[in-house]
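Take a look at this single chain, the form predicted alone, given in structure tokens.
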Amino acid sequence: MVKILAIHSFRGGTGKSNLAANLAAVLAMGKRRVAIIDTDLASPGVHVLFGFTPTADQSTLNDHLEGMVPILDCAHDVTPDEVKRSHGKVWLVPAAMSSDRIARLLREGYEVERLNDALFELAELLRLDVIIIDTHPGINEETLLSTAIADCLMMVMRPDRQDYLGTAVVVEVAQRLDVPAIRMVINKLPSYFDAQQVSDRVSSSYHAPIGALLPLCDELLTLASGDLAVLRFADHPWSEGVRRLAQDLAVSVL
């Protein structure tokens, strides 16, 4: 049975999409069939990490939400070579990049239930083990839906005051929705921070376990979101943190 992982943050710039893409690759390297859905319709970006840009004849999530095509037509095989050698698969359901398409969907909206139905239909058609939802930051109708159907919510935050306050609101909502599992992911942790102190503060503040503490690193900046760190810098502490998160999820959620 497919497991749904929602990756969320209270605001942008936390590295949420980067984590979603890298986690998808790591999970797929465990011989899993993984789909990543970009529901950040206002500012899509996961496709860049896989080196994929939808052409005019390739469908996106927007097309399905507008009732134009089946959801299967929106799923594109983006499996990296390293993952293929591990007998895993990764599909991406990207969002449209056209400013006109983005503005139209935001202006006219869509039936949120349609997204819910699409996830389970895609899981059945592709025989998926895992669906990763890259959400839109903040709290809105789509976020609430993704959270409500998730088997695990991963809250990505940076160690600063704005993230601490905003994340508290989202975690409280998730707990009220009885999300089965929540993992806190602290990303872009400066080297001069005391990692244990940050971990203790976050876990005690939100009463949720720490999934990963991921360091701020120059290597990710050099990739400029154009590749997957877990494949290009496999031995880096950031990549090791993502793999540990995947192992935790494999044991406790998947």
Partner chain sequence: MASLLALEPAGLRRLLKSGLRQGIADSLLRTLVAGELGCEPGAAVVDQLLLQLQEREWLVRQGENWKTRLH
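Numbering follows the first chain given and starts at 1. Given the structure is predicted, the values throughout are model-derived calculations rather than measurements.
The form predicted in complex with the partner chain is left out here; the points below concern that form.
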The stretch from 86-94, 72-80, 155-163, 108-116 that lies within 4.5 Å of the partner chain in the model of the complex, judged by heavy atoms, is 108-116
Check: Wondering, does Arg176 line up within 4.5 Å of the partner chain in the model of the complex on heavy atoms?
Finding: yes
**Request:** Find out whether any non-hydrogen atom of Leu249 is located within 4.5 angstroms of the partner chain in the model of the complex, and reply yes or no.
**Result:** no
Under a 4.5 Å heavy atom criterion, is Glu141 part of the interface with the partner chain in the model of the complex?
yes
Taking heavy atoms only, is Ile149 within 4.5 angstroms of the partner chain in the model of the complex?
yes
* To do: Run the contact test on Ala21, Leu216 and Trp238 with a 4.5 Å heavy atom cut-off to the partner chain in the model of the complex and return yes or no.
  => no
From Leu145, Met184, Leu126, Val171: within 4.5 Å of the partner chain in the model of the complex by heavy atoms is Leu145
Contacts from 228-254 to the partner chain in the model of the complex (any heavy atom within 4.5 Å), listed N to C, are none
